[in-house]
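Quick heads-up: the structure tokens below are two forms of one chain, split into structure 1 and structure 2.
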Structure 1
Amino acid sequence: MEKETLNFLEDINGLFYLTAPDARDIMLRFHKEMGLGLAGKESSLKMIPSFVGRPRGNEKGNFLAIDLGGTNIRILAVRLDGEGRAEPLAMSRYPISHEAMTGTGVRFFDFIAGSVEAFFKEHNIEAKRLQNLGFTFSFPVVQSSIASGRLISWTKGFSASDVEGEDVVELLVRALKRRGLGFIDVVALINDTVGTLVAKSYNDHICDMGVILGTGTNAAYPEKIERIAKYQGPRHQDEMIINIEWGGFNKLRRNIYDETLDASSFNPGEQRLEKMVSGMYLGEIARLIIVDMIKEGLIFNSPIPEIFSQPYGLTTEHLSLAAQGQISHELGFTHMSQTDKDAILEVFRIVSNRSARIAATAISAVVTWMDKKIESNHVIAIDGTLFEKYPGYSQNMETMLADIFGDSAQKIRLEKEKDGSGIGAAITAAIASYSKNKSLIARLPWLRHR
């Protein structure tokens, strides 16, 4: 590789690399923002009470779930056996069209209700036997109860009109009625991170964090209720799961590429951590760096592949495939010199490594918030394609944990929790319908004797 190219890459590495001292500094800022968020003060971490705690593992029955928040919507019927096993009885996945994501809110919720209807037909399910539904809606929502909450603002490129500020459960219920599915009772509304934590802790009581590393990123953890100063609701339990909304954290060192990406995004100034970490953005950050290398004449004597000239043309999936050696033709690698290829792969490595190291730092912040000296074991349930599919990603996270904590890092286990967000919705529906029945019995004592 030419000396200039090597120097350029070294500078880029300097801009993107996160050291252990950097991480410790970030953790302190993270703690400060967590405290402010829990107190209801101005903070880049929303720290949203979910109105639900971790399950006991004895929740039982059949429940419906909608899991929405990425590129697909999933509808599930789940059986909970009351002994920690949750088994999907049926599941369908439908792609969310660009029109549904960006059209009117009515169209968006009609699409969701239509997917439920299609699911019933596809699996030949006698609809009325499954009535209680848990709704995973993976956006920042301020909840006012376990089954209601208003969308604060869209993320991840969604923009359906007349939804921000509205109660998304009400919008769903209305759409279900329009489809003749009014018998469905939407008993729980949760974030995907809450679902992931709930699903894992249904049979693993050590689990105390749910994390998503996919199109977007975020995490949830159980908080002692007396530490949630802003929470005014009923206090039936000792703990409540908090949806951190860490994608919004804005106390990270940013570089010129982060600023460029943010300035031309659909939500400038928002979701700053998400824009450095999640699958929606890594390809674009890498592309911006490569465009600079092209401008400086460091790579490409041959024709420049299309993919590098279109905003968001290069996706995180391309990065992931390239890292697996499955060099995609679209990247133009077939006509490229070896040194150009090496330079590009190095850019991909730098960008994805920063993502993994920031994600591990944020996890470290939450773990030390719960357990300052890491005296206990912690299982972190993680879902999302970045964690699951990107080669070396989870190892890079583990390296960062070891850089921060040394040997104590072994007490923090990162575990894949595939499809936890949907299963978690079903388990939360079980918790919610149980407490609903309990309060009904309390109000109508004669029911107790039946």
Structure 2
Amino acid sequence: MEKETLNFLEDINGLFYLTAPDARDIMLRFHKEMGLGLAGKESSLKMIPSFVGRPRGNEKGNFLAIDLGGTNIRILAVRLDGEGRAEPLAMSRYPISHEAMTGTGVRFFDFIAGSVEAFFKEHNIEAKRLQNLGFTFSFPVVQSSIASGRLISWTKGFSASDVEGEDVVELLVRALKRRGLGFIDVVALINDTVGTLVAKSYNDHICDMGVILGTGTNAAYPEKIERIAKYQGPRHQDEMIINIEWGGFNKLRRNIYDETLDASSFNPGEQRLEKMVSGMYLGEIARLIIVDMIKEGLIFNSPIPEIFSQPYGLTTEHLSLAAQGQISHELGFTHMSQTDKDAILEVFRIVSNRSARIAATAISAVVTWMDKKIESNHVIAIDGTLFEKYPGYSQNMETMLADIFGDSAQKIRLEKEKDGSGIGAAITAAIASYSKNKSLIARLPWLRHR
């Protein structure tokens, strides 16, 4: 590799590399934003109360779950054995049509209710045996209880009318009634990070974080009720899970490539951490660097592959496959010199490594918020394709934890929790049902003797 190319890559690595002192500074800023968010003050971290705590592990029964977070809807029937085991009895995916995503809200929720009806028929399930349902709805909502939340705004290409500002649980309940499924009680509304935490902590109470590291990124953790200053509701429990919405954290040092990506995004100035970490953006950051290398004449004497001239043409999947040694023909590697290949792979490594180190830093911030001196063991449940499929990503996170904490990093365990959002919804339905029944018995003592 020529000296000019090596110097360029060294400069890029300097722009992107996150040191342990950098991380500790970010953690302090993260803590400040957490405190402001919990107090209801202006903060880049929303710190949204979920109105649910972690499961005890003895929740028992059969529950229904709807998991809505992308272009497919998952419906599950789940059995909880009361001993920490959650068994999916049945599961189906239903693709959401463009018409349902962008039509009326009535049409959209009728599609969900119709999918529930189809699920019962497909699996020959006696519908009325499954009455309590948990709803994972991974869009920005403001919750007012465990079973109510108003949509702030659609994301991910959804734009169904007359839904923003409305209670999505109420809209779902109405649609279920229109389908003759009014016996289903939607008892819990959660997002995917809360679901991931709940699913893992059902059988491992040490688990105290749920993290999504995929197309997007976010996290949730259990907070002491007394520290949630903005929460004015009943305090029947000691803790409540908080949806951090950490993708919006804006106290990170940005470089010219971050600023270029942000300026051309559909939401400039927002979701700064997400734009440095999540799978939606890593390919584009790498492409912007490669475009600069092309402009400076550092790579490509041969024809330039079209993928590098199209915004978002280079995806994180391309980066991941390249890290596995599976080079997509779209990258033009067959017509490229070995020097150019090595330079491009180094750019991929630099960009993905920063993502992993920022993710580990954000996890470190939350862990030290809960446990300042890392005196206890912590299990972090993580779902998402970056963590699960990107070669070396989880190891880079572990390296960063060791850089920050030294030997104490051994007390922080990163564990995969695949598809936890659906199982977590069912478990949350169990928690909510228990609380609901307990509240009813408290108000109607004669029920104790039935």
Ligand code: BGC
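Definition used throughout: the rigid core is the maximal C-alpha set that superposes within 1.5 Å between two forms. Computed from a predicted model, the values in this text were never measured in an experiment. All residue numbers here refer to structure 1's sequence, counted from 1.
Novice: Do you think the form predicted alone is shown as structure 1, or as structure 2?
Specialist: Comparing the pair, one sees that structure 2 is the form predicted alone and the remaining one is not.
Novice: One rigid part pivots relative to another between the two structures; at which of 70, 290, 420, 343 is the hinge?
Specialist: That would be 420, the one at the hinge.
Novice: Rigid-body comparison between the two structures: how many degrees does the smaller part rotate once the larger part is superposed on C-alpha atoms?
Specialist: Rotation of the smaller segment between the two structures is 12 degrees.
Novice: Core-aligned, what's the Cα displacement of residue 178 between the two structures in Å?
Specialist: Looking at the C-alpha of residue 178 between the two structures, the offset is 5.3 Å.
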